[in-house]
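Given next, in structure tokens, is a single chain: the form predicted on its own.
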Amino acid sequence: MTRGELPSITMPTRTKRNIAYDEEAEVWKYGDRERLREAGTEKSALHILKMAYVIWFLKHQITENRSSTLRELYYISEGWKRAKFAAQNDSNLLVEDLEILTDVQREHFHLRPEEDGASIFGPLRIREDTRRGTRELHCQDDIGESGYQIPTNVDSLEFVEHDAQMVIAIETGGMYARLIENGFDEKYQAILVHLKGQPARSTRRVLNRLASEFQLPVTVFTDGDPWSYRIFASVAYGAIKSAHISEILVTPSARFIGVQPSDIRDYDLPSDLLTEQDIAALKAELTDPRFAGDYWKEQINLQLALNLKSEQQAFAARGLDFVTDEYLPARLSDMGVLRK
């Protein structure tokens, strides 16, 4: 500005059209498309002003060794006059912009999400650095059946040892509890991870580390609908909004275990008709490069033909033990995950 030049920033275009597959890293990253935001208009100038305020706030937060939530950051901006945010999504997006510009994760800005983390249950021993010192615990023997809650900053965890053959990431709390109650973790030496719906970044980071540090096979068990397929995609392929840190969040080796559209047909599962939104989402996935493989094309087209969707809990129609005694062992064996 002192040189008479307009402040500007250049950012990757954060859209589906600007993600490209990195063959070496086996993850989806942002491509070459960029957008220039130059303070030549009021809208762009305000964006850069807000960014300056956020940087100022984060600098003081780090210096004082304090932390805050994304929600708190949004409310703190109320005192920034014209730089305040109109909605939390705006402040969240700006924090993601800063991650891209700095190549630093928001957790190292001492920012954390508002919601509770997901949880782990299974034959895994961890060591965690906390404000009260270091603690070590076993994720079966030393915790209750709700599991060990994953912290926001997974880099504070050390995975000490394990006695596992696999990792199963599970969308719903009901199915997570079913597998624990039925002793699936013990019988099959499985580390169970509750995704809690669309998984938080910390949850995806845990799956990434379990796969890379222990070379454990990871499978993802969700409902049979287009929104759940996107949950799997965020684990295995990456999410568009976090493509800048795909290498530490994505588990390229993760495989989808169900509920498959073919399961709805083959097991005659209780189901609901697809809504207009479901159909539109499925058709959108057929054009999504992350679902470009033959498997997904076949399954999505089958679901459109069936016009049905089904939940994980639908397996209970065949008995409470069916999913743990028959479905999962059969699927895991077919996939070569379960050793016979």
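Superpose the two forms; the largest set of C-alphas matching within 1.5 Å is the rigid core. These numbers come from a predicted model, not from an experiment. Residue numbers here begin at 1 and follow the sequence given.
FYI, the form predicted in complex with another copy of the chain isn't displayed, but the following is about it.
Could you tell me which of 165-173, 208-216, 255-263, 99-107 sits within 4.5 Å of another copy of the chain in the predicted complex, going by non-hydrogen atoms?
Partner-contacting stretch among the options: 165-173.
Just to confirm, residue 44 within 4.5 Å of another copy of the chain in the predicted complex by heavy atoms?
Looking in the predicted complex, residue contacts with another copy of the chain do not include residue 44, since no heavy atom lies within 4.5 Å.
I'd like to know whether residue 230 contacts another copy of the chain in the predicted complex, with contact meaning heavy atoms within 4.5 angstroms.
No, no contact at 4.5 Å.
Answer with yes or no whether residue 69 is in contact with another copy of the chain in the predicted complex, where contact means some heavy atom within 4.5 Å.
Yes, residue 69 lies within 4.5 Å of another copy of the chain in the predicted complex.
Would residue 317 count as touching another copy of the chain in the predicted complex under a 4.5 Å heavy atom rule?
Because a heavy atom of residue 317 falls inside 4.5 Å of another copy of the chain in the predicted complex, the answer is yes.
Quick one: which residues from 176-210 get a non-hydrogen atom within 4.5 Å of another copy of the chain in the predicted complex?
Going through 176-210 in order - heavy atoms within 4.5 Å of another copy of the chain in the predicted complex - the hits are 177, 178, 180, 181, 182, 183, 185, 186, 194, 196.
Verify the C-alpha shift of residue 284 between this form and the one not shown: is it 2 Å or more after superposing the core?
The answer is no; the displacement is under 2 Å.
Fitting the rigid core first, would the Cα of residue 305 be found 2 Å or more away between this form and the one not shown?
No, the C-alpha moves less than 2 Å.
Tell me, please, whether between this form and the one not shown the C-alpha of residue 165 is shifted by 2 Å or more, with the rigid core used for superposition.
No.
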